[in-house]
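Taking the form predicted alone, here's one chain by itself in structure tokens.
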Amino acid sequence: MIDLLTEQAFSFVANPDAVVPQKYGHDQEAILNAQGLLAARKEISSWPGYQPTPLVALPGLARAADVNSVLYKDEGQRFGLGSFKPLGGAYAVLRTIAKEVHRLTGKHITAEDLRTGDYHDIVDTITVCAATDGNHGRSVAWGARMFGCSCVIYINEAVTASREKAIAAYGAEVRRVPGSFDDAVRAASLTSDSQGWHVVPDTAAGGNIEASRNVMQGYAVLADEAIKQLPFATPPSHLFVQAGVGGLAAAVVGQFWQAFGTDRPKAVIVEPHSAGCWFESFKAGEPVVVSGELDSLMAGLACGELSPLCWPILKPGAFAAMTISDTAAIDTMRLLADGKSGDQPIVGGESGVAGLAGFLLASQDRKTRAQLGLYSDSRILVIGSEGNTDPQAYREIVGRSGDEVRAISIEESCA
């Protein structure tokens, strides 16, 4: 085993409420289920530009970490937006519009009805609103432009100008508020209530449980893709997935749970040191709000309050949680870009590499390996949830642009 990351402190806690042999039950079905996945997959797969993102094998990292395999679900070029988020935010925008059209006309509609301009008189009156640290707002704005409604996005003071510009490019009005992501969530919810807008949050704490569920059901499409892409249809033994409010983690854990039942992988939630709301909640056995300075380079994960909609899935479904440093994320971004251990170079963003960083740190620590049951025959799956969604920050960290790294990857695959 080779240490791939410099020795760094990380925190680890086993989830005392995890029930590994348990079947996917009624409480979980009420949130994410096969019928919801079928509807989301049918709709999203019809959108222009849809194609499954690749599940990339990293055999060099697997050898260095002394495991059987490492698979990386690369969301870096999803719909050209650079992250997994379009699967959730844009899908929830569609469902919001469809619900309003049905309320007014009694008709059930699809995205195709909206793309052809049908019902524009209704859609023109709809405004969707969301809070974001970058990617979710970009997804909601993209969905609003695609389906024809207005959009207002709230960001907090730590969101970079580059991310703000990327959201505004899709025609959304962007409003910056003081404080953290959680403060932006509250501002979006309060304003939507007073203005009659439709809030589309990626957290049920944002005031719209139905929209949050639709966001998560859209995310489950990427997990469904990954399951279909698994070599020999063999489930991974371990799943490392990053969490902010928990929507992605719950969607992925829930989909693997539905697919493999009691044979599902051990799921480990990875967060920044400064925003470990899932870590603290597993320790306490109940949802805990983390306050104080939440800023992290991993801006998409800098959340102090988990989504209550995710708790019924992750409380029994996640095996453990970790918190990691920003330095670990930086090192992992560079490791992927450099194609260390002979693997193809990959563009992974600050938040997108957290799951892989958590695995690498855990694999290097003898005690944590034992706690997780990481052995030479273990099969690891991680979700690379974003590429270079902030191109300037990515270049400053890695020393090359995302396009330069991707060009190297193409050259090596053709060699």
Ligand SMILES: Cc1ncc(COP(=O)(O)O)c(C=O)c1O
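A quick note: this is a predicted structure, and the numbers were derived from the prediction, not measured. So that there is no doubt, residue numbering starts at 1 and follows the sequence shown.
Beyond what is shown, the protein has a form predicted in complex with the named molecule; the following relates to that form.
Among residues of the shown chain, Gly317 is not one whose heavy atoms approach the named molecule to within 4.5 Å in the model of the complex. In the model of the complex, the named molecule sits within 4.5 Å of a heavy atom of Gln242.
Proximity of Ser139 to the named molecule in the model of the complex falls outside the 4.5 Å heavy atom cutoff. Mapping the unseen interface onto this chain, Pro272 falls outside it, with no heavy atom inside 4.5 Å of the named molecule in the model of the complex. Residues placing heavy atoms within 4.5 Å of the named molecule in the model of the complex fall in a single listed stretch, namely 77-85, out of 337-345, 77-85, 260-268, 116-124.
Residues Asn135, Gly247 and Leu301 are all found to lie within 4.5 Å of the named molecule in the model of the complex, as judged by heavy atom distances.
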